[in-house]
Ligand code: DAT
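Okay, so here's just one chain, in structure tokens, the form predicted alone.
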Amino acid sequence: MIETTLVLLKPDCLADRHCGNVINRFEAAGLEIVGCKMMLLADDELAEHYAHVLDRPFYPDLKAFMQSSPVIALALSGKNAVALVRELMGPTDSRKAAKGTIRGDFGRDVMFNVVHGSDSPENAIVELKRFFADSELFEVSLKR
């Protein structure tokens, strides 16, 4: 099934100059970029995106980290895109991620883990709407 999912390249990805490597892995796996933008995350966007941990003691540190620089938001489309992105990223805790995964190769821990990816097709729809206007998503196939 063709799906579109959200990926955020986090501040540590930008700071450590891994964006090209990370995007290359997604493209090499057959995913197409159908939306891309660099943005600073506002308080309300972060509160909505991280509503499930808003009351946790680590949220202020997470918020500060996610606002420490711009992020790159990607909309990636392809066959079973949500599961494929999750597989390529590896587990949230980079210390537990296998080498060869994005987080295993570039991440440091739970917070400094390079990328966010939607965890289900349903959440992908919600998260894409949070970060992209309809006019910023393109249904193009660049396959030749």
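Computed from a prediction, not measured in an experiment: that's the story for all the values here. From 1 onward, residues are counted along the sequence shown.
Absent from the display: the form predicted in complex with the named molecule. The rest refers to it.
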Non-hydrogen atom contact residue 53 with the named molecule in the predicted complex at 4.5 angstroms: yes
Is residue 67 part of the interface with the named molecule in the predicted complex - any heavy atom within 4.5 Å? no
Taking heavy atoms and a 4.5 Å cut-off, does residue 113 contact the named molecule in the predicted complex? yes
Although the partner isn't part of this model, could you tell me whether residue 62 comes within 4.5 Å of the named molecule in the predicted complex, counting any heavy atom of the residue? yes
Within 4.5 Å of the named molecule in the predicted complex, do 10, 58 and 86 each have at least one heavy atom? yes
The named molecule isn't shown here, but in the predicted complex, which of 24-32, 86-94, 73-81, 38-46 has heavy atoms within 4.5 Å of it? 86-94
Suppose contact means any heavy atom within 4.5 Å; which members of 25-40 contact the named molecule in the predicted complex? none
